[in-house]
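Okay, here we've got a single chain as structure tokens, the form predicted on its own, with questions on binding and movement later.
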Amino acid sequence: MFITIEGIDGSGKSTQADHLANWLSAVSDEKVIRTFEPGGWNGGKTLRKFILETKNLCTMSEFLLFMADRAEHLHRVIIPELLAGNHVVCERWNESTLAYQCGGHGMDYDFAEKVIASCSFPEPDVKIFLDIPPAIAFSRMKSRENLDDKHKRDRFEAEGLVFLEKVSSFYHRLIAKNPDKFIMIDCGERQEHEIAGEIMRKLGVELSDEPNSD
């Protein structure tokens, strides 16, 4: 299976991707690959650094760099692992690009959607969206930034609360178009293990061959 985890910065994607990958490894005979965007492929670190740290990068360049990164990620990691029969858990996919570049930076949505469609990126089997109020996510980012240099905010995270609100709003717009394609997880002030438990329960229902008792 190809599973993606979406959400604004500070929503806990990395933490929940770790929990999910560990759980899948425990309940499945298949290998589980844990990856991310941008830069989740051999050689992608340089591109990730450029995208996340280059100041005054124009929105079109930003968008096309994300497309190039996704194409390489798909070619070098995701497709080979899926063809080998392994599960892939990935932080961010097409919805991130649309939410951040269109919702956050004002790129034309119709154009971006057409380019993404022309790239023939595969649709994930399961899309998980971590729904969190932008104010809480922003507070989390500010708190963890004080821990050490590892948690220093990248240029997207540094754009502030208003930017996060725009991205969050656009995510909800995308989900409203196809709500059945997403597993919605209300994060709020909940503890990470409580959130992880809900993801596992909802994903378990998705994977079960038995009818849902609900």
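The first residue of the sequence shown is number 1, and the count goes up from there. Nothing here was measured: the structure is a model prediction, and the numbers come from that model.
What comes next is about the form predicted together with adenosine-5'-diphosphate (ADP), which does not appear here.
Under a 4.5 angstroms non-hydrogen atom cutoff, adenosine-5'-diphosphate (ADP) in the model of the complex has Ser14 among its neighbouring residues. In the model of the complex, adenosine-5'-diphosphate (ADP) sits within 4.5 Å of a heavy atom of Ile195. Heavy atoms of Asn22 never reach within 4.5 Å of adenosine-5'-diphosphate (ADP) in the model of the complex, leaving it off the interface. Among residues of the shown chain, Asp131 is not one whose heavy atoms approach adenosine-5'-diphosphate (ADP) to within 4.5 Å in the model of the complex. Think of it this way: in the model of the complex, adenosine-5'-diphosphate (ADP) has a heavy atom of just one of Arg140, His87, Arg76, Lys127 within 4.5 Å, and the residue is Arg140. With adenosine-5'-diphosphate (ADP) omitted here, the record of contacts in the model of the complex names 185-193 of 172-180, 185-193, 53-61, 24-32, defined by a heavy atom within 4.5 Å.
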